[in-house]
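Shown here is one chain on its own, the form predicted alone, set out as structure tokens.
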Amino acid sequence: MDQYEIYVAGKFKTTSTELPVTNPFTGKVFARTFLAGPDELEDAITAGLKAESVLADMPVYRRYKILTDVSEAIRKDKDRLAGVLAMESGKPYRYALGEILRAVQTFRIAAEESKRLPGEYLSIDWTEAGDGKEGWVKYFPVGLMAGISPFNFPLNLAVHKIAPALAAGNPIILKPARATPLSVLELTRILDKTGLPPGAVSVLPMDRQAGDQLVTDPRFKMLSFTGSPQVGWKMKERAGKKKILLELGGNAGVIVTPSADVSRAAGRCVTGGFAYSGQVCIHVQRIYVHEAVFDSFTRIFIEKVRKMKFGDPLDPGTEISVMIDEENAARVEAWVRESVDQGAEIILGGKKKGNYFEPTVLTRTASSMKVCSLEIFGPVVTLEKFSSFHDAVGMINDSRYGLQAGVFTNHLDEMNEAFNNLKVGGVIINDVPIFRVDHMPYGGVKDSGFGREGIKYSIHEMMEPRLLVKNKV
């Protein structure tokens, strides 16, 4: 059994509290790490505060080299790291490897963005009072940050906090999900070999008491959280004066119009709906298809879903596997059963076996049902008709969430209407809302979040502007 020490202020440590890590597919513990408590967190905070000035003053070429070195080290070890990620999360290897490669890209992007931190020259003499003066706006790192990452992308969503923090010149203490801590602990073995000062990065799986301190302790200047809306908004209420960045998920919708390539749209919706068993914030949950192509789309979609290969996540041929645990599979099952009791129809799937839930397609649903109104975070898709594009936009907007939406159309007027009227953070044309590349702005409106990730945009969130006004001569 592999043992992973936690990473506290530049040192690898064990504690008295072990944290077993279970392979969701086999149900067996295959590794162990440790939970940090208040003492370890205090050591990390103390070192992080000391590292603030060191990181802020670090020249760009050194920052750039550290970030590119980390990117290259991940790339060289990508196959092994993908195996670790697949085992801890139950994510099929093909998607685990994709996540590792995205982490490579995320660090590379952060390295590039470290060379172009924001700044601005201002002409002050627009009024008589400003005659003879000029202004400069420089952005400074906020200081010590706290990051909390979820189980579903255990490496890359952690990297989306660590990499921009370092590019901006901020130390960060990251709390990974207790179910999937190993990928980011593997990352610390790489970070430890760089020229980062002690305290620049600490990675601490934590008990509840220590984790709560990340939210409430005023020594943290910013909190970046990815997780559920229920938890995220409560954190914002309790975070005090620190800056906060929230990415809180959604129930993403797709519109398929008669002008679209229906076969391609169906294929992309299968991937968007069932990749990693739907345990993705922007997974395709609600599909609205024009009545003229509804039957053909449904036939192709169901055929493609039926062909998905279930199996061991470590098998490169596996397309869908288990969910993270049986508790979540049981929740999904309960929501599906409840929708059927309320009048929904199961076209395909609907059964649970352990922590595997079959790819499931529902129709005749209502917006009030949990499978539509909440984030199901499982392999369930609803499929409904629409008659006018305007109505379809309204169906997407009939949600407490607004992260991303996909629109399959080849009509410019529909693209424009979607972009101008969908209440979401991102509109993806002729692809599914699960589409994301790591340098684009990413975040949502309504219950889907507060602020934006995407390296350049994260860096801006992680810095504060300061104005200098001086005489020109």
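Sequential numbering from 1, following the sequence displayed. All of these numbers come straight from a predicted model, not from anything done at the bench.
The same protein also has a form predicted in complex with a further copy of the same chain, omitted here; what follows describes it.
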{"item": "The single option of L55, A31, I428, L35 touching a further copy of the same chain in the model of the complex, heavy atom within 4.5 Å", "value": "I428"}
{"item": "Region of this chain that lies against a further copy of the same chain in the model of the complex, out of 92 to 100, 300 to 308, 328 to 336, 125 to 133 [heavy atom, 4.5 Å]", "value": "125 to 133"}
{"item": "K242 within 4.5 Å of a further copy of the same chain in the model of the complex, heavy atoms", "value": "yes"}
{"item": "Interface membership of E237, a further copy of the same chain in the model of the complex, 4.5 Å heavy atom rule", "value": "yes"}
{"item": "Any non-hydrogen atom of M1 within 4.5 angstroms of a further copy of the same chain in the model of the complex", "value": "no"}
{"item": "Contact test in the model of the complex: D43 vs a further copy of the same chain, heavy atoms, 4.5 Å", "value": "no"}
{"item": "Heavy atom contacts to a further copy of the same chain in the model of the complex at 4.5 Å, residues of 413 to 450 in sequence order", "value": "D413, M415, N416, F419, N420, N421, L422, K423, V424, G425, G426, V427, I428, I429, N430, D431, F435, V437, H439, M440, P441, V445, D447, F450"}
